[in-house]
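As structure tokens, one chain now follows by itself in the form predicted alone.
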Amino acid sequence: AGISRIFGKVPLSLSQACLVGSDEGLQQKLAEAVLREKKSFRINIRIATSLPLPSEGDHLRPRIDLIAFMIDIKSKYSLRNVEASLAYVDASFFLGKVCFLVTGVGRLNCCSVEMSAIWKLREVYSSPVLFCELELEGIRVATAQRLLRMLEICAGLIPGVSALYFGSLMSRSANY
């Protein structure tokens, strides 16, 4: 009942992303950056500190097209929170509709999370990892643009490109 399902909802004329992570301030900044970008489709961004999402109003909630799990490289709690939340995601989401967004990479000298843990998530869940420093406006905008493009693909708005195909390309490019 608490598992986020990909096909359990009817698609609306609205694409929806969910940012899951323990730093609501950075989530809000990123969501605002995505919403400011020029786009040809309507979007909604849900911010959650963890999964599962509250069950109240679940029947009214639109389908989620992309889940971005945000991991703060400086916080082991952030990693544990994401790992615990992954148990509530239906396996079908890992067919290209999940990514891991690792934040705080501009301060690797303060790193609390081992990179091997990040690579393990990528391998176990076959999902791409994006690295960024959301405190910097330029990088936040570039990250917002990248997430927006991923959302467009995951929502099925790019003819001939599926989320699964795109996800496999992203995973392969991270290996080179």
Partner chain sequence: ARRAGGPFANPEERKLSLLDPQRIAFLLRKQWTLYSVTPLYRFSNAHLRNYSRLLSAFIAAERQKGWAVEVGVELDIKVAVSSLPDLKGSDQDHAAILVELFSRSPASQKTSEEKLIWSGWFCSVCGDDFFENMPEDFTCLPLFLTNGAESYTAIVGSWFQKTFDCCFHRLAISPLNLSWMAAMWTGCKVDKTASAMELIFSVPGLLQPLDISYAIHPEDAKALWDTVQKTPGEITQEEVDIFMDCLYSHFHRHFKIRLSAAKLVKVSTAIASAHCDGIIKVSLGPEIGVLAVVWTGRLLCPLAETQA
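Keep in mind that what you see is a predicted model, and the values were worked out from it rather than measured. Numbering follows the first chain given and starts at 1.
There is another form of the same protein, the form predicted together with its partner chain; it is not shown, and what comes next is about it.
Contact label in the predicted complex: Leu136 to its partner chain, heavy atom within 4.5 Å: Residue-level check for Leu136: no, no contact with its partner chain.
Touches its partner chain in the predicted complex: Ile118 (any heavy atom, 4.5 Å): No - in the predicted complex, heavy atoms of Ile118 and its partner chain never come within 4.5 Å of each other.
Exercise: Ser40 in contact with its partner chain in the predicted complex, heavy atom 4.5 Å: No, Ser40 stays farther than 4.5 Å from its partner chain in the predicted complex.
Touches its partner chain in the predicted complex: Ser75 (any heavy atom, 4.5 Å): Residue-level check for Ser75: yes, a contact with its partner chain.
Contacting member of Ala142, Val124, Cys110, Leu35, with respect to its partner chain in the predicted complex [4.5 Å, heavy atom]: By the 4.5 Å heavy-atom cutoff, the listed residue in contact is Cys110.
Location of its partner chain contact in the predicted complex, chosen stretch of 110-118, 147-155, 128-136, 62-70 [non-hydrogen atom, 4.5 Å]: Result for this chain: 110-118.
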